[in-house]
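A lone chain, given as structure tokens: the form predicted on its own.
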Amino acid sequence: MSELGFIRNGIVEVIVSTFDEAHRPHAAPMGASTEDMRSIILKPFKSSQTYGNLLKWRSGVANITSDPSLFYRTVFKDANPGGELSKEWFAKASIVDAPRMTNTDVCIELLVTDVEESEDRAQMLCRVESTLMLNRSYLPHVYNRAAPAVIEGLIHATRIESHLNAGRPDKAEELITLVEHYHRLVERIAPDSTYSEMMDDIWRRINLWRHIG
């Protein structure tokens, strides 16, 4: 899992595919995390169809892709032809009772082993049963929001220093607000990682520039 880009206690983005009550394929994007690199934790909202499907069948597939159109079309089902996901996107998983997506890079088959519920969300511990690599032309990586957040923070940081040096504090503060958002995001989804170390350093430099200015 580490080779696919998972980090311990970090949150990455996958598309979870499940069967509904009528055994029809369903898919929706969701954050996923791991503590031991052998299992995946999902935290679906209890109002979501994915939650009901996982609870009923105790099975699902975490599909890995970097294609934003697949995230878009699994969020907004009505954006697809006919207003629903194509059946051609799915095939039966090899081990668990769930569909896998055929147009992603990696499919991780999951078996729900434990469920803890809160008022609006559930925490589902899922054991990895099988991993299928669909795209072997390169080593796919799970989408991690921390990486682009660091890049955005870097881009804004260079502009912040320029604005402060040129006596434009208002423009600098606008960008500082954005960097602060990215800093908090990285702290939440990638704690104690190289991403958080870089964002901490970016934030330290910005505060130093502010003090000097």
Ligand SMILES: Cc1cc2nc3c(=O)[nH]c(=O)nc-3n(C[C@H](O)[C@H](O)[C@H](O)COP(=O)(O)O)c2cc1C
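In this text, all values refer to a predicted model and were calculated from it rather than measured experimentally. One-based numbering along the sequence shown.
Beyond the structure shown, there is the form predicted together with the ligand, which is absent from this document and is the topic of what follows.
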So in the predicted bound form, is the ligand close enough to residue 169 to count as touching (4.5 Å, heavy atoms)? no
Would you check, heavy atoms only and a 4.5 Å threshold, whether residue 144 touches the ligand in the predicted bound form? no
Using heavy atoms and a 4.5 Å limit, would one call residue 175 a contact residue for the ligand in the predicted bound form? no
Indicate whether residue 159 is a 4.5 Å heavy atom neighbour of the ligand in the predicted bound form. no
Could you tell me which stretch in 45-53, 160-168, 180-188, 59-67 has residues with non-hydrogen atoms within 4.5 Å of the ligand in the predicted bound form? 45-53
Sort through 132, 128, 75, 91 and report the residue having a heavy atom within 4.5 Å of the ligand in the predicted bound form. 75
Using a 4.5 Å cut-off on any heavy atom, which residues of 28-47 would contact the ligand in the predicted bound form? 28, 29, 30, 31, 43, 44, 45
